[in-house]
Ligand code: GLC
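The chain below stands alone and is given in structure tokens; this is the form predicted alone.
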């Protein structure tokens, strides 16, 4: 494809309660994936091909089967007790506060053996580490440096904005009189997190030539330069989520006004100050072609359109496995088929409170994280060519039609379109370093922007809707050449142009 960096989700030893984000041994490979010798071979072969590997770094929590936590829960007087966040319950024995876990229910889990609660903002099998204890940081820094010394090329740092908790763990406002309330304001980007992050950076990644991306839920745009500033930011990039969910408008269509505001805010706000991480899919989101686009008659066209929309902005584009062949959401019939801990908890809660099975499954088919976690579809062979055995999770039944083998053979495939985009971007400095300028701001269906660099200008124009539309460029934007289109390449260079459903074009303009 021409990609430069491979980011691998957690491959560490884990009981796999949350797809490997519950780590029981930071220094070993999960048995399902092989051995450390296999990883070392992968690292060498990737480097031999001029590419790099970054790993997920999960340092907000561990598995409840990690040796630190096994020791921590064994006694209140143990050396490891303070590695995690333990608190006695309220006088009536109820949880410490009303904070709700991301996966539903309380963030506090009662431990019979020691008579106290431990905090877990994710699954109850993912107890949060206590960063207030300096010994925790010391052990995490040792582990991080161990991997860096091995020669990996960086990290995507998971849930990093949550490592600092609100002092005193107070109850949060609860206007709806719920048993538990969303707890982000109790542990996302809390005052004092800077001390933890500064020490982490100084003791680890600052000493290596590596790439880092922070998962920064809760980070405010006004503080973005602090996180990723060129001079003293903690990371090279952060994943921010302002643009996600904007397709969930009441009418089921994309909210274009908000999408333009969200993307432009980060493009202009970081210009000359920091670098964006560009994405429309990841392991926590449903498939983009099934949500942002249309996964039936216009699957190939809409997948290419949304790829074009984000790929040529300023920043580093990320492609999630299967996105490059247009993999879709999956519709398994039974909740028993699904693995997503949060989704299963939600299903149990909602059905217990009266939601019908049909309603809940309809929600899962559209919104579940497992939509993006079906095995990669390599071919039309059994199990999509992913394995000759039984995979950990069901394969999407549409794999005979949607797979890499077919995409390679089809000159008009989504895969080959991604290869064209990557080649164009790599060989066009303006599409890497150029400034960003939103145009056609009021157009209800078209997302269009310019990239400008040393008097060279390019225009990216994308119709993000399943309807034909028209757009006219201003007179000062003179088109010189059409470089890329997800329709058949056309010779239309007229500033007044008709765009078909989900049509995308990239033009080189006359010099400014």
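Nothing here was measured: the structure is a model prediction, and the numbers come from that model. Numbering follows the first chain given and starts at 1.
Quick note: we don't show the form predicted in complex with ligand GLC, though the next part is all about it.
Within this chain, residue 503 is remote from the site of ligand GLC in the predicted complex, having no heavy atom within 4.5 Å.
By the criterion of a heavy atom within 4.5 Å, residue 81 is excluded from the residues contacting ligand GLC in the predicted complex. Looking at residue 347, you'd find every heavy atom of it more than 4.5 angstroms from ligand GLC in the predicted complex.
For the chain shown alone, residue 215 is a contact residue for ligand GLC in the predicted complex, at least one non-hydrogen atom being within 4.5 angstroms. Annotated contact segment (heavy atom within 4.5 Å of ligand GLC in the predicted complex): 119-127, selected among 415-423, 314-322, 119-127, 358-366. Residue-level contacts in the predicted complex: of 103, 141, 298, 378, one residue has a heavy atom within 4.5 Å of ligand GLC, and it is 103. Listed residues 406, 294, 109, 158 were compared with ligand GLC in the predicted complex; 158 is the one with a heavy atom within 4.5 Å.
Residues 18, 21 of 9-27 are found to place at least one heavy atom within 4.5 Å of ligand GLC in the predicted complex.
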